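The data below hold one chain only, encoded as structure tokens and taken in the form predicted alone.
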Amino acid sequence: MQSNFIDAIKLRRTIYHLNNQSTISDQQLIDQIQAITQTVPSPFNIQSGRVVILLGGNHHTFWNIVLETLRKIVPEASFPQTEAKIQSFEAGYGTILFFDNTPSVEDLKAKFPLYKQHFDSWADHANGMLQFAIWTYLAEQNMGASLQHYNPLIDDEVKKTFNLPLEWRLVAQMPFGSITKPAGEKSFLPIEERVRVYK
């Protein structure tokens, strides 16, 4: 019998077609993201992951920052395509920003110098688990999401606009909302190429 956990993982797909509706209340969303953030593991229990939930006008403000930042660097002929893509993210209900608290990682390097060359990547691993856990939770609630990476281009303006600590390092952005068009079929490599079992 397949577990609900595997079912939830299978539900999690990259969804680009969103609208500005939510299947759950804002408070439920906040409560569950807080619980996930507190529970997801991190190296040496560093807990360096930081999450910012942008709803309503703040969600729209964020994607306007992205759009205006890209307007300065994307060739004019290509910009309509870029604008349409950003507008598809803004069409969602909200955006979740994932950060890592740099001082936490630096403190760990000082305490455990033998492993200091690994802590940056280990912190990224933990942040990836946090992203995956929240994404899977949203999928369980019939909410679509995708993972975007407009950092570091937008970092300074985002921190300034939302009054966030300068030492927070932006890792990823996750627009989410109700699904207007499901993800297409997904192909898979033969599982034997990816998982080996030795008994």
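Worth saying up front: this structure is predicted, and the values here are computed from it rather than measured. The numbering used is simple: start at 1 and walk along the sequence shown.
If you look for the form predicted together with a small molecule, you will not find it shown, but the lines that follow are about it.
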Partner contact for residue 69 in the model of the complex: the small molecule, 4.5 angstroms, heavy atom = no
Tell me, yes or no, whether residue 21 is in contact with the small molecule in the model of the complex, where a contact means a heavy atom of each within 4.5 Å.
-> no
Hey, in the model of the complex, is residue 181 touching the small molecule, heavy atoms inside 4.5 Å?
-> no
Decide whether residue 17 counts as a contact residue for the small molecule in the model of the complex under a heavy atom distance cut-off of 4.5 Å.
-> no
Answer key, the small molecule contact in the model of the complex at 4.5 Å (heavy atoms) among 154, 53, 133, 147: the residue is 147
